[in-house]
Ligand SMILES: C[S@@+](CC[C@H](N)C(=O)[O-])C[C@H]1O[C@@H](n2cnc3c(N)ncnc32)[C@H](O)[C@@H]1O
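Next comes just one chain, in structure tokens: the form predicted alone.
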């Protein structure tokens, strides 16, 4: 890269309507694997001790990195599966506005407690069902630049643990809620169908050219199905009108503990990564 190119890469390109990144920042954001080990205590943990009440809280720092790439400052972000508000916290940190939908009152309460602890003004977090986005004034009030969300991974959390977890006395299921409306309590195929319906509804409020960024994690293979949930989600959303799959990034969470699954008889992978699926709405 010559000097002129270096100069150009060090400041935002005036043609860039997607984000506020410089050329150098844009290139760094294109790496396919994000490797992190976020603190779980101290000010850089963003109240992790409170947020861990949720079985799978997303780090605000990670969500902030995605928000910086897929929105400009002042942009609007929708999270239909808000949990304890990782997306909303990131919006506050990055100068964006966000709206979240969360089925469980206890997780919404946790989010507001976190905001109070961090001295952040809370974003709107609606206790409700993502199937009814049209019913919430905060959703229909504006178009969004980005849908950033972490839905349940089918019934992964609702399953009774086996193998090494069972040996260590951690065999109990850890569902997000006990609600029959919770996507995390649905079987695999019903989950995919319901997720598609929610995505199609959410796209009504996504600006043309906006992005859907969705987290997921694969289940362990079974004898009758590969259980590559990320691939099945892409296939399910493939035919949604005006929605194009643009690829994925992998989040490698180095804070995950490793267990000797299958030892000493068979290979069973420790899944220390999640897929970040990226779609663009035309």
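Positions refer to the first chain, counted from 1. Remember, it's a predicted structure, so these values are computed and weren't measured experimentally.
Missing here is the form predicted in complex with the ligand; even so, the following discussion is about that form.
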Exercise for the section: Find the only residue in 236, 56, 227, 61 having a heavy atom within 4.5 Å of the ligand in the predicted bound form. Expected result: 56
Fill in the blank from the handout: Assert contact residue (the ligand, in the predicted bound form, non-hydrogen atom within 4.5 Å, options 181, 172, 141, 135) equals 181
Problem - Options 113-121, 69-77, 99-107, 206-214; stretch whose heavy atom lies within 4.5 Å of the ligand in the predicted bound form - result: 99-107
Exercise for the section: Considering only heavy atoms, tell me if residue 150 and the ligand come within 4.5 Å of each other in the predicted bound form. Expected result: yes
Problem - the ligand contact in the predicted bound form: residue 82, any heavy atom under 4.5 Å - result: yes
Handout entry: Contact flag, residue 177 vs the ligand in the predicted bound form, heavy atom cut 4.5 Å
Key = yes
Handout entry: Contact of residue 130 with the ligand in the predicted bound form (heavy atom, 4.5 Å)
Key = yes
